[in-house]
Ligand SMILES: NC(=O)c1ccc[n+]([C@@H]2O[C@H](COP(=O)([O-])OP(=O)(O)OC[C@H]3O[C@@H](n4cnc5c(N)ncnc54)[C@H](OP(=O)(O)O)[C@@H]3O)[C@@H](O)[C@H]2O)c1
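One chain follows as structure tokens, the form predicted alone.
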């Protein structure tokens, strides 16, 4: 095998970001899409020029025409269909959030171990040069002792019919976009926090539409995160150290203008300095990483242990918000 045939498990809007990355990759091709009806799958396949259209998820997973699947189903279905796909011999790139409980996460990890298939969480921003360079600056000590990470991901939801407002389907702004700041904090600070505190504003459906979180880390640093469904679009991040700070523009999102994505160093003394950051299609890195893991046997860049900690931290933040107190992890 020298290339990977991909199948899309659902016709979710997020697919439109991954499709160009698969097609631009040197070792991948988009082979199929599955939906809950033949009509829907065929219509989507025609619109995106996809060779095969399956009338059910089961049919595509049973097919020998694909090697890997991208799971972009609603959050509450991630675990079920990831495990099914793995046991039917497919490698899986699963959208964030990976799952909604630790029991689900552990079952997914166990299925990957049992089947020998590659399983990874689709946090595309982690593979981008902007994020990797920031990580190198932190680990090299160029920022000195890290004291804080702050990150925000807000957007105003246009429709009240959005599945992200359904509490039974894993709705809520922390699960949807707050996981990005949580993930970034854990990446930059070297692991999960030791304590977490959350505060939320619930909307009419019962899910969090605004969420604030603070996390304390073993090394003494603090991370603060914000997510919202009710504020105008805004995303930013910064990591603060004793010798300066790095600020990110558009750290988590797609952009048509590469000049919008910048990494700026604010030294302890002197003027800000822009850090040269190669621009790369935001989803290209996670596709290339999957290909390297499947074809070359390389370990996925984002480990399943990190993924488990993402979910563990989000669950602690939610529980803290419910109990209105700081909780240990």
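Numbering follows the first chain given and starts at 1. Treat the numbers as computed from the prediction; the structure is a model and nothing was measured.
One more form of this protein exists, namely the form predicted together with the ligand; it is left out here, but the text below deals with it.
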Location of the ligand contact in the predicted bound form, chosen stretch of 30 to 38, 45 to 53, 258 to 266, 61 to 69 [non-hydrogen atom, 4.5 Å]: 30 to 38
The ligand contact at residue 211 in the predicted bound form, heavy atom, 4.5 Å: no
The ligand contact at residue 90 in the predicted bound form, heavy atom, 4.5 Å: no
Any non-hydrogen atom of residue 122 within 4.5 angstroms of the ligand in the predicted bound form: yes
Contact of residue 253 with the ligand in the predicted bound form (heavy atom, 4.5 Å): no
Residue among 150, 96, 126, 117 with a heavy atom within 4.5 Å of the ligand in the predicted bound form: 96
Partner-contacting position among 202, 218, 73, 102 - heavy atom within 4.5 Å of the ligand in the predicted bound form: 73
Within 157 to 192, the residues that have a heavy atom no more than 4.5 Å from the ligand in the predicted bound form: 163, 164, 169, 176, 180
Closer or farther in the predicted bound form, the Cα atoms of residue 254 and residue 20, when the shift from this form is 3 Å or more: farther
Inter-Cα distance between residue 49 and residue 254 in the predicted bound form, nearer or further [3 Å or more]: farther
